[in-house]
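Just the one chain here, the form predicted alone, laid out as structure tokens.
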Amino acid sequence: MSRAPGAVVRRQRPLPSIVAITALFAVAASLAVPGFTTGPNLTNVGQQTAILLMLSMPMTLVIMSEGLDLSAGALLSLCGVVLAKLLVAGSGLPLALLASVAVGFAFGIFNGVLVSVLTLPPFVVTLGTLGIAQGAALVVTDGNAVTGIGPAAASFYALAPLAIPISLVIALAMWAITHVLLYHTRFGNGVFAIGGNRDALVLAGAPAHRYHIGVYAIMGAVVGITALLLVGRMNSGHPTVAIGMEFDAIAAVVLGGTAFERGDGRLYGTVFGVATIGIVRNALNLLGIESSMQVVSIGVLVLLVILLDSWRKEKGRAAP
């Protein structure tokens, strides 16, 4: 069977530590946290993790391409503000969503061109666009929340086909689309090759720049879609509400076993990373732990999983 240009061989590897850790946290929260297993709370966990899952899917592609997107949270806030402003102005939800996606897509293209064509460091590029997006959101709103947006976004967010929250339906659809894109298309082969062996991809005549820019463009477009869920959940737009969400998205990808080099990624691992962060944050909320300590807990968890996986790899190398 022939491979697409620049295709790389994906090796079968043992499950990352996050799989066992996710199960452990789920059991511990069920036994030790009052109210965790109630229907309304589990629904709330699903809705909270849906937004994180949306951000984490394209973030996996970005990190697999040896990149990083620090602007995702600020861009999500900006897209939410744009969507909310248009709703206040009387635009329909489809037009407002289209504008939100267009803003996110434009930022993604800009990031991708600077990283791929001009070969600037992703950390520096997305740190800069973080500042641009955050500043633009503050200028557009004068630092205030955008309210009075009407019922359209909230009504959409309240939909629950087959008793499943619409936010979770959209997030699962995004996972399915990303899975097909990554594992069953030439673009997916290109993503693996950019992180694994970009020179080979270029020598094979594949459009490496197009693939690389596409990764960031997808990230931006998905952020624009996610803004609808965030605005619908809050029934308003706020210029700083999503600041820091990029940390959780990056943490979920790293927890899932995706490395920052060699195109070494695990999309299913990211799902477990998202689930773990959702469980931890919800359990700590129910226990009354303040949000700053929740961030500390996620950071400690990331380091723990990295150490466990490193230990397992060293043990595997040492085995005869």
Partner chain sequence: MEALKTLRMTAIAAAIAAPLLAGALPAQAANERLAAFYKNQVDPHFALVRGGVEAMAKQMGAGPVTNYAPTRPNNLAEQLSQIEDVTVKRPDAILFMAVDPRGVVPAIEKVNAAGIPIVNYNDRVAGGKFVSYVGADDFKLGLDTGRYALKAIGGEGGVVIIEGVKGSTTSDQRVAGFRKALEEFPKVKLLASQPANFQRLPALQVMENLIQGHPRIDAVLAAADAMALGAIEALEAAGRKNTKVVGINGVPEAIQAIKAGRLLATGEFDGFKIGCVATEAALRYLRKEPVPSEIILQGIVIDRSNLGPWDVPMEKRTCPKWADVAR
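Positions refer to the first chain, counted from 1. Between two forms, the rigid core is defined as the largest C-alpha subset superposing within 1.5 Å. None of the values given here were measured: they were computed from a predicted structure.
Just so it is clear, the following notes concern the form predicted in complex with its partner chain, a form of the same protein that is not shown.
Enquirer: Taking heavy atoms and a 4.5 Å cut-off, does Ala152 contact its partner chain in the predicted complex?
Expert: Result no; Ala152 lies far from its partner chain in the predicted complex.
Enquirer: I'd like to know if Gly244 sits close to its partner chain in the predicted complex, meaning any non-hydrogen atom pair within 4.5 angstroms.
Expert: Within the cut-off, so yes.
Enquirer: At the 4.5 Å heavy atom threshold, is Ser91 in contact with its partner chain in the predicted complex?
Expert: Looking in the predicted complex, residue contacts with its partner chain do not include Ser91, since no heavy atom lies within 4.5 Å.
Enquirer: Look up in the predicted complex whether Arg281 has a non-hydrogen atom within 4.5 angstroms of its partner chain, and give yes or no.
Expert: Judged by the heavy-atom cut-off of 4.5 Å, Arg281 is in contact with its partner chain in the predicted complex.
Enquirer: Quick one: from Leu95, Ala106, Leu172, Ala145, grab the residue that has a heavy atom within 4.5 Å of its partner chain in the predicted complex.
Expert: Spelling it out, the residue with a heavy atom inside the cut-off is Ala145.
Enquirer: Exactly one stretch in 96 to 104, 211 to 219, 230 to 238, 79 to 87 has heavy atoms within 4.5 Å of its partner chain in the predicted complex; which is it?
Expert: Single hit among the candidates: 230 to 238.
Enquirer: Within 33 to 70, which residues have a heavy atom closer than or equal to 4.5 Å from its partner chain in the predicted complex?
Expert: Sequence-ordered list: Gly35, Thr38, Pro40, Asn41, Asn44, Gln47, Gln48.
Enquirer: 2 Å or more on the CA of Leu70 between the shown form and the other one, with the rigid core superposed, yes or no?
Expert: The answer is no; the displacement is under 2 Å.
Enquirer: So with the core overlaid, does the Cα of Thr43 end up 2 Å or more away between the shown form and the other one?
Expert: Comparing the forms between the shown form and the other one, which are aligned on their rigid core, Thr43 does not shift its C-alpha by 2 Å or more.
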